[in-house]
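Only one chain is given next, in structure tokens, and it is the form predicted alone.
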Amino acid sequence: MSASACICELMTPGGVGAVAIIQLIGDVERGLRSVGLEPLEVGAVALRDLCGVDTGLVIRWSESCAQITPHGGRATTFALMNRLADAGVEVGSAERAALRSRWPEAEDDIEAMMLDALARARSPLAIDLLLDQPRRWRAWNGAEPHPNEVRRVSSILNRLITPPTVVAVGRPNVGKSTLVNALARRSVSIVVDEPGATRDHVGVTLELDGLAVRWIDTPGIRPTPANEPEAQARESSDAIEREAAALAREVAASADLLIICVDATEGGVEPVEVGARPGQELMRIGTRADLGETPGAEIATAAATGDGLQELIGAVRERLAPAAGLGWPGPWAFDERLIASSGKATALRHDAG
């Protein structure tokens, strides 16, 4: 749709009420002339013959908005809508008109949605994939790949637009803050050689191998003493620390990826201790690998020397945006309207029956 195009929208259900309202958005003068209606001045109202279908009012609300008001019967309303469609006026909605007005250079709705998503995408990995989506959606037949598979892969690829949340949890003084500072290449978290230094969670957006993530460093979770059955509710005599630990659990439960940090000197936390959801994506990493080996860690890192950081970055990216998803050749439903409108996006005519 070019900057001079016009979209018409049926504002009232056909057959309901005495009068129907068809709204024109965009190049109103072009839209009216296309069906033989002489344009009006802004603010004017005129009784006109409506393409030989009916007689009704034409109202010019603004430079880019006008309304045509035929009688409200379904046959009359849809006959007029079809005349507009035949004349080249696009049939759509106010939402669609707003989208197309934001991106007048877009060839069609798919391209306009793509440009909208491109403007919001946070990850560099999204750029080439989004630019190729208009071609993919125009080629998709609505059956292969199956819409459910399109939705499944799209739920992963949508992380390229809205950064997923990575939450690091562990015992106090296990090196979580030093790790996030090393990944960010700047100081974003308090680092002191004292347990419990982080009393609130600290979030920062990081770019990891082309994927933007929101990385959250949480307060340390102390172990639950064996002789205190209800210690989880009062794990420390320090009220502030108890509140911080509760906050850490709340944040951990919302993570797209939960990273459990352990080192050679501190025991690890169990997922249940930090309120992990059933089936939540988990990764166990060793921090401060320069102090010794951490049994059971998938990756060993040493923020002080940089060892293991690239491996960690690649592993996080693969967990959240796997290569199989990035290499998916089918369409990506980066906008929820795409699948809903596929197969009927070109059905501009209305059925009076």
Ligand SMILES: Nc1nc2c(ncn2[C@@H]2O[C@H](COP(=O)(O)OP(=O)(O)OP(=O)(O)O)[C@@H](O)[C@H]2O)c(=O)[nH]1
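All figures in this text were calculated on a predicted structure; none of them were measured in a lab. When you see a residue number, it is the position in the sequence shown, counting from 1.
Although it is not shown, the form predicted together with the named molecule is what the next lines describe.
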Tell me which of 27 to 35, 317 to 325, 51 to 59, 284 to 292 has residues with heavy atoms within 4.5 angstroms of the named molecule in the predicted bound form?
284 to 292
Select from the listed residues 248, 80, 126, 174 the one whose heavy atoms reach within 4.5 Å of the named molecule in the predicted bound form.
174
From the list 178, 165, 133, 154, which entry has a heavy atom within 4.5 Å of the named molecule in the predicted bound form?
178
Flag residue 312 as yes or no: does it have a non-hydrogen atom within 4.5 angstroms of any non-hydrogen atom of the named molecule in the predicted bound form?
no
Considering only heavy atoms, tell me if residue 304 and the named molecule come within 4.5 Å of each other in the predicted bound form.
yes
